[in-house]
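A lone chain, given as structure tokens: the form predicted on its own.
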């Protein structure tokens, strides 16, 4: 079935997968990419480059207003977006999916308590929580941002997993397992969760795109990682001051952000469509 899914994948979706692979590999292996410059090196201090320089062989995408290589900062900046998105996806999938599958299957009082808690968390403004945590801790780094965003990702995943578990728990194979006296814990981990996982993973890719946009917006507002650490959002924020002089430092990180978000949405939609076709064919 997996091979058939790959054969049905449109060429445009394959290009999106390639782009995501390039971004992930670049962020993970940035320290080992030959010829990639230091993202924080300010060449104008040493007379090796100019500020807001145009693309050249020395700097393929040019330099920013501090004469730092834009290509290097985009590659390294992808780490921030990917770490935050991966933390949100992992936290939401592990905790949110488990909570959602559990209450969706057992229902009753556990369902009422968990979903009431989820509703309270969803009603609380995430930006206010982030500002509160940053103020209390007195620091604004990748660990803090990723932890807060990861915590806020649990409720939506819980809702998605619960909805799928409610549907799966009424399927004939679950009813048959209950009829022969199989323990509920065994049914939950052997039947319910595996059948909810593909749908949750499709949602995870779409949600990762939202998280990357969120991190970019936070960085643009100065609420993400502190400079000189590169992220796509703070690159746009720093370059907008000189946009009338040189607009390329704004364009390149914006394109990286747009292509990544679009690719995640495209691949996530494809996974969800493939899952729907398989379910309908049963």
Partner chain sequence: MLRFVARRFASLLAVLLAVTALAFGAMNVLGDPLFNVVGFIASVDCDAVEAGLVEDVSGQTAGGRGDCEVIAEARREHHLDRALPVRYGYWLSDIVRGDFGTSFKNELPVSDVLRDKLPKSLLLMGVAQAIAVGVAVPWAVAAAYRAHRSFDRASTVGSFGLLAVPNFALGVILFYLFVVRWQVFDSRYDDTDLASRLRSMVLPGLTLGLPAAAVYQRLLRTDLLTTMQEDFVHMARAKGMSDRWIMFRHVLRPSLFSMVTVFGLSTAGMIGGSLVAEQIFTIPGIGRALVEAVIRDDFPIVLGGVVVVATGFVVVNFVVDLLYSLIDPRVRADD
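Residue numbers count along the first chain shown, from 1. Here the structure is a predicted model, which is why all the values come from computation and not from measurement.
Quick note: we don't show the form predicted in complex with the partner chain, though the next part is all about it.
Remark: residue 42 does not count among the residues lining the partner chain in the predicted complex, judged by a heavy atom distance of 4.5 Å or less. Although the partner is absent here, residue 61 sits far enough away that none of its heavy atoms falls within 4.5 Å of the partner chain in the predicted complex. Residue 258 belongs to the set of residues with a heavy atom inside 4.5 Å of the partner chain in the predicted complex. Within this chain, residue 108 is remote from the site of the partner chain in the predicted complex, having no heavy atom within 4.5 Å. By the 4.5 Å heavy atom rule, the three marked residues 122, 125 and 137 all count as contacting the partner chain in the predicted complex.
A heavy atom within 4.5 Å of the partner chain in the predicted complex is found for one listed residue only; from 197, 98, 147, 133, this is 133. Stretch 245 to 253 is the answer when you ask which of 65 to 73, 48 to 56, 245 to 253, 30 to 38 has residues with heavy atoms within 4.5 Å of the partner chain in the predicted complex. Contact residues in stretch 201 to 218 (any heavy atom within 4.5 Å of the partner chain, taken in the predicted complex) are 213, 216, 217.
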